[in-house]
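Below you will find one chain, with nothing else, as structure tokens; this is the form predicted alone, and questions on how it binds or moves follow later.
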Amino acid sequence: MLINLNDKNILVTGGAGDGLGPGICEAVNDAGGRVIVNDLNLEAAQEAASKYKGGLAVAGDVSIAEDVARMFEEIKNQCGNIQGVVNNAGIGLGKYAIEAEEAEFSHLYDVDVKGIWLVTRAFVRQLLDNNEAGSIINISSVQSFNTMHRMAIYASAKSAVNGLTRGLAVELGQYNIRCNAVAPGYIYSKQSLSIIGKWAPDPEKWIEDHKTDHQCLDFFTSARDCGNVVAFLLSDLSRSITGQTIYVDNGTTNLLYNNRYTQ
């Protein structure tokens, strides 16, 4: 019993970044799906797409409706309709809520929430026009379940992602369109390292301490670990799963106290 995405075109937004994108794209590619890599920068998207069989690159800002419409038109012209979307594009914000600027708040929500809605809307309209089924995967975060200092605004945005996921599942089920979310724990990336560096003098030590003290499993969750779950949710093996948020976090959200405190 294998995950099979053969003959499926899958759009991965933010797929050329250094975070989850590569792990998601690799998993989709290895399952036989055609990877369509979105990024703000076309050259970055093209470089990433070149790693995958039949990979396609499309540039665009998911927070701008006109960009999203153009992206879907380009995809349709180059490879036809798509059968799955992974809303992976996102940004972070590591600031106390009372210290954040209005522009920072708006930008975060534009990308992390509005962007998901715009891409999903375009995708679903395509599916309905062609009377096709499809699957939507939204990337959430453990911060939507438990959060920490300086992450209130980010946590609220990811909580909105979970709520949007549930609502879309309810509304779209009648069309055989599924919508789920994957909520990663800590994934090593330049972006996350930069955010941690805003409060930790030694970000690498902070990350190591997190691994050993704030997870049930004493190893790092990889981008590919999350990609494997995404590929499963895109496939027919998960045909009865919708409206769910699956935490891929090595057990972080299970811990009432950190390991050092209880051991």
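Just so we're clear, the structure is a prediction, and the values are computed from it rather than from any experiment. Numbering starts at 1 and follows the sequence shown.
Keep in mind the form predicted together with a small molecule is missing from the figure; the text below concerns it.
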Given the stretches 127-135, 165-173, 145-153, 89-97, which is the single one in contact with the small molecule in the predicted complex, using a heavy atom cutoff of 4.5 Å?
89-97
Could you check which residue among Q191, Q78, S106, N81 gets a heavy atom within 4.5 Å of the small molecule in the predicted complex?
Q191
Interface check vs the small molecule in the predicted complex: of L233, V62, A49, A27, the one with a heavy atom inside 4.5 Å is V62
So, in the predicted complex, is Y186 in contact with the small molecule at a 4.5 angstroms heavy atom limit?
yes
Given that the small molecule is not shown alongside this chain, does A181 nevertheless sit within 4.5 Å of it in the predicted complex, heavy atom to heavy atom?
no
Is A69 a contact residue for the small molecule in the predicted complex, using a 4.5 Å heavy atom cut-off?
no
Find out whether any non-hydrogen atom of G19 is located within 4.5 angstroms of the small molecule in the predicted complex, and reply yes or no.
yes
